[in-house]
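Shown below, as structure tokens, is a lone chain in the form predicted on its own; questions about how it binds or moves come after it.
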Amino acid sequence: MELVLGIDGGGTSCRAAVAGPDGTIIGRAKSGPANIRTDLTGARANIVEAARLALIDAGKDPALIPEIPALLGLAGSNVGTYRQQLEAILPFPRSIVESDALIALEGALGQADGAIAVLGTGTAFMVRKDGQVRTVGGWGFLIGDQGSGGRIGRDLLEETMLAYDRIREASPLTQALLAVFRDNPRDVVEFTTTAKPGDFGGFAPMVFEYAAKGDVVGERILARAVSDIEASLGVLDLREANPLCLLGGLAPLLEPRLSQKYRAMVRPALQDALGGAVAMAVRRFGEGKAHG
């Protein structure tokens, strides 16, 4: 095993890193989305492109791709048979597909016990205890992702429509949101017809901005999000001595709103998810070589 590839693929981008047998990264690159449930064919193309560019960044020949094993942490791999379908069409000599949450856990904690909360456009939670891993959430925007940017943005649109109909009180936040749609509620409805989670999530920063000024609707939306997040953390049954790493774009905004119990557990991640993928690749493929 002279080289390994670690790949981190999500709904907005795919990152690849090529490393030596000791895990030292010598090349990195980024390409387009790689959620295999949303677009299996497109994800495969972006995975290969990211790997190709990472090899070029490392000063290596991209023609080596069929000779380098890869460990991939990918969004969409936790449901259906997408993982198996992808493994069958990848060009690497050996491919291991895991969830994006698992490589994030590895990056954040190494092999130690502890937990992660991924707080971004979506949400997912994972805990490791005595070497056993359990995942909570990660079921997607329509039936999951409680406490996420997508849900926070969607809740803002709902609160705005309730305020427009005078079912709930209006606030500077709901007025500002309606102004984005030219004060036309029908434009809000039209937006939701084709909006993806990331589109809803684009309104989450407004909620934090106005909540910081004491906006009653913003505070209510964020209180609901924090309650949902803490409910998920609660079922992880965390031990006080174990670290909790908050990951994702909303983590810095949500951390101060968590209860003291959870804030006291928060620790910085050791490295990011791509680093976790590389570390897992070195370990898993190294084990395979030793057993061979």
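When you see a residue number, it is the position in the sequence shown, counting from 1. Since the model is a prediction, treat every value here as computed from it, not as a measurement.
In what follows, reference is made to the form predicted in complex with a further copy of the same chain, a form of this protein that is not presented.
- Heavy atoms of no residue among 95, 247 and 262 are located within 4.5 Å of a further copy of the same chain in the predicted bound form.
- Comment: 129 to 137 is the region of 110 to 118, 96 to 104, 204 to 212, 129 to 137 lying near a further copy of the same chain in the predicted bound form, near meaning a non-hydrogen atom within 4.5 Å.
- Contact between residue 193 and a further copy of the same chain in the predicted bound form is found at the 4.5 Å heavy atom cutoff.
- Contact annotation for residue 146: at least one heavy atom lies within 4.5 Å of a further copy of the same chain in the predicted bound form.
- Taking the partner from the other structure, a further copy of the same chain in the predicted bound form has a heavy atom within 4.5 Å of a heavy atom of residue 157.
- Residue 172 falls outside the set of residues with a heavy atom inside 4.5 Å of a further copy of the same chain in the predicted bound form.
- Residues 141, 142, 143, 146, 151, 154, 157, 158, 161, 162, 164 of 140 to 164 are found to place at least one heavy atom within 4.5 Å of a further copy of the same chain in the predicted bound form.
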